[in-house]
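First, one chain by itself in structure tokens, the form predicted on its own.
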């Protein structure tokens, strides 16, 4: 079945980036609210798990790619890291910048966060720069996800950590069918009711069908000769966290 033809936001090839950017520009203002509703707030726990697994230390440099509205970047900074958040959607970055408290606020990050626009497949940073590189819900959206992962690896310093949180494919066929049914029926309804666009949220399942998910990421990390590769499944594989260390 050609699911790509049934969603206006999914496009293979060179037009992929423009379609995905249009999607996130469109839903930026409702992105956090819909994430809370469609995941029952669990996305916050999954992101917290990523931060904990990163073992980020005060004074380290971190990069959050496809940073969206900035949750991970701000969490990394709250641990004392110096953080750059990069995304190609300016509308999403605008929402992230609104979360930056004033320096006088008690909620201000312990270390600075810089949000900037950029392409995940051509990161504007030198090799071996960051101690920790993260990505949440971004790899699946790239026109060439393996090239994107290679870029994450390139800018990570030897011995540094790479962590990727992404929609998963549950290994249990029954649970996978139930989960895909939720993505097919309930999530687009939520998107239509709150953002006025069911297709933007039907895109999640369409893109997931064309993505190898947690085991594909794991295999690609092996090809990049990463060390200490781990794959953690949440809720039976509904979400996954792939993590690895760049070879020193």
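Residue numbers count along the first chain shown, from 1. The structure presented is a predicted model; accordingly, all values stated were derived computationally and were not measured.
Below: the form predicted together with a small molecule, not depicted.
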One residue of 162, 84, 96, 136 in contact with the small molecule, assessed in the model of the complex (non-hydrogen atom, 4.5 angstroms): 136
Candidate spot 31, 35 and 47, all three touching the small molecule in the model of the complex (heavy atom, 4.5 Å): yes
Touches the small molecule in the model of the complex: residue 119 (any heavy atom, 4.5 Å): yes
Non-hydrogen atom contact residue 20 with the small molecule in the model of the complex at 4.5 angstroms: yes
Residue 125 within 4.5 Å of the small molecule in the model of the complex, heavy atoms: no
is_contact(residue 92, the small molecule) in the model of the complex, heavy atom dist at most 4.5 Å: yes
Contact stretch among 75-83, 169-177, 140-148, 154-162 - heavy atom within 4.5 Å of the small molecule in the model of the complex: 140-148
